[in-house]
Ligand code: BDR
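Taking the form predicted alone, here's one chain by itself in structure tokens.
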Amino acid sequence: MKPRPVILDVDTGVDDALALMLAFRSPELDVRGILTVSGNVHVSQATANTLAILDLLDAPPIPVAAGAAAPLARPGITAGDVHGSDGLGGAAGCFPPSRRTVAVDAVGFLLDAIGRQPEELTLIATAPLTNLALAIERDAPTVRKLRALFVMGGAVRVPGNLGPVSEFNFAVDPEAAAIVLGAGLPVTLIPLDVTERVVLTRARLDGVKSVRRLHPFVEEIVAGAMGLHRSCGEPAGVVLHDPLAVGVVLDPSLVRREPMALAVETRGVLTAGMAVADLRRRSRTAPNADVCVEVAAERFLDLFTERVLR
């Protein structure tokens, strides 16, 4: 089968790095480009981290386009407590990148790529949706020619991880998430409802015997996140939010989806970024996303372990 052409939109912290590793270790995918955006870290650091990961993977010369440095309408938020100040658990300085970004910005790159391959490209967004929202504002008809859009974001029936009801990517830029979900795109949402069930534990990581150089690098970048997990009274582990988004593209049978009508709260003091699903039986609001509600967690963990760690 011909590999599926994809573009990734990342704010490369720990789990984005793991998602990139899975994407490049999966022959089913043909990565045509990577966009970067501020989120886990500032866009400049996210870009440097992305280039370093490509070096580590000995990836072909994939174009990387730097994108938005701040959310659409509010100050940025980063996640140093989870990913470390450099986004890679303190390891970024050990791998100075040798690659450069392309001259065009992320929005221009995305619109040009879709224009050259209408109805063919799949976008996997594992970061705040600022780049995509800007692309929609600039040229919505072209963006609607995406074959599919997979978004890691939102918390539908579970608590948030930044606020009580808000997931990080949506909470960083609620306005962007609202624009994307309202744009009539073929969205599959991979929310906390499923990602938080997929945990790479210390026991699983230690149990893998590998000669690949990725394994010690993964051990280094996840150490801080695993410690944070343990401090919450849970076994040491790291939640594979972003890798699961790649996994769903690779194998749709990993999840069960439900069509839902979703909106994003943008004005609430306590609820900005909340993914609000209209679950009323008699609702007349048309669904605008397929939401992943169940996941075959062990099967995905086996896939991730085999392709990234062994």
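From 1 onward, residues are counted along the sequence shown. These numbers come from a predicted model, not from an experiment.
Form predicted together with beta-D-ribofuranose (BDR): not shown, discussed below.
Taking the partner from the other structure, beta-D-ribofuranose (BDR) in the predicted bound form has a heavy atom within 4.5 Å of a heavy atom of F168. At a distance threshold of 4.5 angstroms between non-hydrogen atoms, T188 is out of contact with beta-D-ribofuranose (BDR) in the predicted bound form.
beta-D-ribofuranose (BDR) is not drawn, but in the predicted bound form it has a heavy atom within 4.5 Å of N40. In the predicted bound form, N161 approaches beta-D-ribofuranose (BDR) with a heavy atom inside 4.5 Å. Note on the interface: of 168 to 176, 201 to 209, 135 to 143, 214 to 222, the segment with non-hydrogen atoms within 4.5 angstroms of beta-D-ribofuranose (BDR) in the predicted bound form is 168 to 176. Along 115 to 138, one residue reaches a heavy atom to within 4.5 Å of beta-D-ribofuranose (BDR) in the predicted bound form: T126.
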